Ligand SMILES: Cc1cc2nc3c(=O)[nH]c(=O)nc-3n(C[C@H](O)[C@H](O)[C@H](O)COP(=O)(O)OP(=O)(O)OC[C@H]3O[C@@H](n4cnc5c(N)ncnc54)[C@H](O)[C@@H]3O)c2cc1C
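The chain below stands alone and is given as structure tokens, in the form predicted on its own.
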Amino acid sequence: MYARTTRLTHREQVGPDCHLLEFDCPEIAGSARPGQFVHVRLTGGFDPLLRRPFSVMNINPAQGSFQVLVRTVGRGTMLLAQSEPGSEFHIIGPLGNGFALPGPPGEVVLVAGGVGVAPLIFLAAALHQPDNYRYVRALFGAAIGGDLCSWLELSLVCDEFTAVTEDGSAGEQGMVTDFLPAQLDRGAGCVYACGPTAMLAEVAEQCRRGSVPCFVSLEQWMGCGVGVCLGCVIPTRAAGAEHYQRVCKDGPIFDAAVIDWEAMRRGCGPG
């Protein structure tokens, strides 16, 4: 883990509310693994006070840079998205456990929802490296076509790619989980998913019924990012016991089978 001040080298709007940010940071670019994240704060003050967590989407070790995908949902992310190249940020990372690679044998199915595409782009690229190679099929869903941020980047690192929108404005029409059963029927060694909680819960249930290993990357609000504040805990049933785990420290990658999805939907604890 590194904590350092670095500069924004590139900013690009890739959707109505989404921006791709690239930072100059050789340490993170050279050590980040798929599924890990960084904790970011603008320098020059403490407004907003808390950092913002973002999954690493791409790394370029040769250039010493990495990219994150930012969706503007409030003042903090708006300030990040509006920053000009050359702006300074204080970044902690890489954080979290990341995906265990190469993972179970067999073809891989990725299920992305919205900005949940970011860690899956990094993962798909890693799964096309000789040491980790897997045949990768991807499903990417959003409400409308304009919300399919960075879809091209994902399609380029997958062997098969299907876009799904709820209104049918791009790709297939429906919910992205409507198209998962057909992918599972074809056979899959593992499913990896990242997106809204409701989507992840449905993916986990389909994989449970099909006896397919499933791992999810959780999106959660974080205060410290290192497991101290306990602001990002989730209800789980690991080892048959009900307890909480920290998304920042114990995750953000979890075996979907240990998560108490019903409690997650209710926004409360186990039981």
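Everything numeric here is computed off the predicted structure, so don't read it as measured data. We number the residues from 1 along the sequence you see.
Beyond what is shown, the protein has a form predicted in complex with this ligand; the following relates to that form.
*Asks:* Heavy atom within 4.5 Å of this ligand in the model of the complex: which of V203, A32, I234, L218?
*Replies:* Checking each option against this ligand in the model of the complex, the one that comes within 4.5 Å is L218.
*Asks:* Can you work out which of A182, A143, A100, V73 has a heavy atom no more than 4.5 Å from this ligand in the model of the complex?
*Replies:* That would be V73.
*Asks:* Given this ligand in the model of the complex, answer whether the residues T6, C25 and I91 all have a heavy atom inside 4.5 Å of it.
*Replies:* Zero of three within 4.5 Å in the model of the complex.
*Asks:* From the candidate stretches 111-119, 152-160, 132-140, 166-174, select the single one in contact with this ligand in the model of the complex, where contact means a heavy atom within 4.5 Å.
*Replies:* Correct option: 111-119.
*Asks:* Look up in the model of the complex whether T77 has a non-hydrogen atom within 4.5 angstroms of this ligand, and give yes or no.
*Replies:* Yes, T77 sits close enough to this ligand in the model of the complex that at least one of its heavy atoms falls within 4.5 Å.
*Asks:* Within 4.5 Å, heavy atoms only: does C207 come near this ligand in the model of the complex?
*Replies:* Heavy-atom contact with this ligand at 4.5 Å: absent for C207.
*Asks:* Test of understanding: in the model of the complex, would L69 fall inside 4.5 Å of this ligand by heavy atoms?
*Replies:* Although this ligand is absent here, L69 would touch it in the model of the complex, with heavy atoms inside 4.5 Å.
*Asks:* Please check if C214 has a heavy atom lying within 4.5 Å of any heavy atom of this ligand in the model of the complex.
*Replies:* No, C214 sits far enough from this ligand in the model of the complex that none of its heavy atoms falls within 4.5 Å.
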